[in-house]
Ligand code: 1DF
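Just the one chain here, the form predicted on its own, laid out as structure tokens.
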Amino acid sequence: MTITAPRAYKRIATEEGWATPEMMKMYVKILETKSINDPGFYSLWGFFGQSQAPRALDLFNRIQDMGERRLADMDAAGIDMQLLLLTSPGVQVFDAPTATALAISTNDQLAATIAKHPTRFAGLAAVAPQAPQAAARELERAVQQLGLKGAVINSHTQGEYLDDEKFWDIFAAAEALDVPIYIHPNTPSPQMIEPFLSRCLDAAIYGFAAETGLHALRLILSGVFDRFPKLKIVLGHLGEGLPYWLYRIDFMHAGIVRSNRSDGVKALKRKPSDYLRENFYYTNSGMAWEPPITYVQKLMGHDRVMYAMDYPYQYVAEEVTAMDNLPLSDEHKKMFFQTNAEMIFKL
């Protein structure tokens, strides 16, 4: 009989989707009434209109299950803990009062779920950027009263990005609370989505990375990290492609500043790549592939890269074994799977 040695680390998955039945019913109503002007929403969620399709039905059920089925899936894959993020686009497609109330309700439900399974679940708060001051207050409540570990913002909010200073109360609250904001992908905004749609490139295949990488660069070039130097941002999918562009981003940004080409680009206190190394953390959600993982670890530091599965969208148990077999030292493997997440999210 073969005896398997115990693992020297927990597996903490740090970008795991969930949704409330209440929110899913609201999404279905949007699909039925065509009540919002967001082509990306209909592309992303339209398959639920044919929810008898096996994959659609499976995702519809799995993303709402916060009990035995989810725990059984975690056990089958060897996942010790999930960090739960309200799935994209979260509350951000609704009007400000609806979104604010829904964020509060959602966070209460998330905290109740975590209380039932405190060793298996932790979570990030939903906030409604449509009402920035209310979002900042809700982040404070969620962290200080509910025990949530930061916020998730599903990238653009109805075509608006967080580099606009009207949203910066949210960043001020996150910095003061010393909690991270996870900028999770959304489909490209209505202003940019059309070339993606005709080739079905708008979601995880490419549009998510293009849109969220753009958002992160807008934050850096706006000077948000000079205003909030201790602000922590988490990006999934190994940085949405940005780690591969560091040299060119720095080179071209310097040229734009020298030429005084645009009022929208200012001189920064540091190079753009410095903020990506010092204010950002990264998960490998959806990227269970050794070459880019080890590249980002080398470039950004082993202390900045964390494991994620991207459940339930990419629930592939075999990928967990592949990650166990990464060519990492015992110390670095524990950092990747466990201690980096414990540090950044204060688990």
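Small disclaimer: the values here were computed from a predicted structure and weren't measured. Start at 1 with the first residue shown and count on from there.
Note that the form predicted together with this ligand isn't included here; everything after this is about it.
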So in the predicted complex, does Asp38 come within 4.5 Å of this ligand, heavy atom to heavy atom? no
So, in the predicted complex, is Phe208 in contact with this ligand at a 4.5 angstroms heavy atom limit? yes
With a cut-off of 4.5 Å between heavy atoms, is His237 one of the residues that contacts this ligand in the predicted complex? yes
At the 4.5 Å heavy atom threshold, is Met66 in contact with this ligand in the predicted complex? no
Counting only non-hydrogen atoms, which stretch in 256 to 264, 80 to 88, 130 to 138, 224 to 232 is within 4.5 Å of this ligand in the predicted complex? 80 to 88
Would you say all of Lys10, Arg120 and Asp303 touch this ligand in the predicted complex, counting a heavy atom within 4.5 Å as a touch? no
Among Ile193, Leu217, Ala204, Ala172, which has any heavy atom within 4.5 Å of this ligand in the predicted complex? Ala204
Since the partner is left out here, which residues of 13 to 34 would have a heavy atom within 4.5 Å of this ligand in the predicted complex? Glu15
